[in-house]
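Okay, here we've got a single chain as C-alpha cells, the form predicted on its own, with questions on binding and movement later.
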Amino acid sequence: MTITATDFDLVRAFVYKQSAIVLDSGKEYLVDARLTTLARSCGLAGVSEVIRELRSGRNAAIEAKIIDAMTTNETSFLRDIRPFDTLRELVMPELIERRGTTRSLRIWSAACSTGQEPYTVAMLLDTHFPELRSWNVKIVATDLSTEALATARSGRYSQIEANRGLPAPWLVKYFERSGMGWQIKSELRQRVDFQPLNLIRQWSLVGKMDLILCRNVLIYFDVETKREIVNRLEQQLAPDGFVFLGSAESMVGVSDKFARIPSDRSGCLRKV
C-alpha cells in the first residue's frame, strides 16, 4: 500500500465534501487500490501524483475521476428479484388504476449506476403492462458517476453482465449483438432519460414522481445526510407514490414519514 495516513484523510475529506460518501478508517486499502487504477488510466506515475493533482485544486478532471473511483457501481439486471416482483404484482397495478385518467407515469431511478435498474423497469413495463405503450411514461435515471452514466446511455453490456439476472426471453427481445457483448435496442434506450445528479446537491428534477427507486445508496451516508435526502425524497414523491430502498436499508432513526408495505420484504414504502 502506498497511500499515507495524511493523504487518506485528504481524500476522504474531499470525497465526503463532494458526495457525502463516508470512507471510514480501515478503507485505506480500498482507496489505495482504486487510486492506483486511476493513476494508470490517466498515465500518472502512481497514487502520489493523483494526490498532488488533488492538492493543487486546479485539475477538475482528476477530481471528478476520484469521485467516480470512490463510488460503488455494483448492479445487475433484476437485482434482488423481490422488488421487481412487488413492482409487477402490487405497485404498477395500483398506479395504473390511479393514473387511468391522466394516463401519465413518472419514475425515477436514483443512483442508477450503469443503467441496469432503469432498463429492467422499462423491460418489465413493456412485458407485463403493454397498455402503457400508449401512455406518457417517463423514466428518469440519475447518478453521480459520469463514467457510469456513459455506460448506461450506451446500453452496451458484456456477456457476463447480460448473464447476471437477465431472463433469456428479454435478452432475445430487447438486445442485439454488439461485438462480444450485447446492446439494448434503441427503442428501449430511448425510454430512459439519463441525467447527472448528486443527491447532496440541488436536484434538477421537475414535478412529482409516482415511483422512486433509491436502492442500496443510503448505506454510504451518515445519519444526517440520510435524513436530508429522505426528506427531499418525500417532497419529490406524489402523495400516493411508492419508494423502494435496498433490502438492508431502514427508515428507523431516519424518518417517520414512510412506512413499509405490510408483510413485504422488497424494501417498498409509501408515505404515512
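Residue indices: 1-based, along the sequence shown. Because the structure is predicted, anything quoted here is derived from the model rather than measured.
Form predicted in complex with a small molecule: not shown, discussed below.
Undergrad: Answer with one of 183, 127, 73, 163: the residue that has a non-hydrogen atom within 4.5 Å of the small molecule in the predicted complex.
TA: Contact check passes for 73.
Undergrad: Among 21, 10, 251, 261, which has any heavy atom within 4.5 Å of the small molecule in the predicted complex?
TA: Looking at 21, 10, 251, 261 one by one, just 21 meets the 4.5 Å heavy-atom criterion.
Undergrad: Within 4.5 angstroms, counting heavy atoms, which one of the listed stretches 74-82, 92-100, 170-178, 154-162 is next to the small molecule in the predicted complex?
TA: Partner-contacting stretch among the options: 74-82.
Undergrad: Does any heavy atom of residue 242 come within 4.5 Å of a heavy atom of the small molecule in the predicted complex?
TA: Judged by the heavy-atom cut-off of 4.5 Å, residue 242 is well away from the small molecule in the predicted complex.
Undergrad: My question is simply whether residue 145 lines the interface with the small molecule in the predicted complex - judged by any non-hydrogen atom within 4.5 Å.
TA: Yes, residue 145 lies within 4.5 Å of the small molecule in the predicted complex.
Undergrad: Is the gap between residue 198 and the small molecule in the predicted complex 4.5 Å or less for some heavy atom pair?
TA: Contact with the small molecule, yes.
Undergrad: Taking heavy atoms only, is residue 215 within 4.5 angstroms of the small molecule in the predicted complex?
TA: Result yes; residue 215 sits at the interface with the small molecule in the predicted complex.
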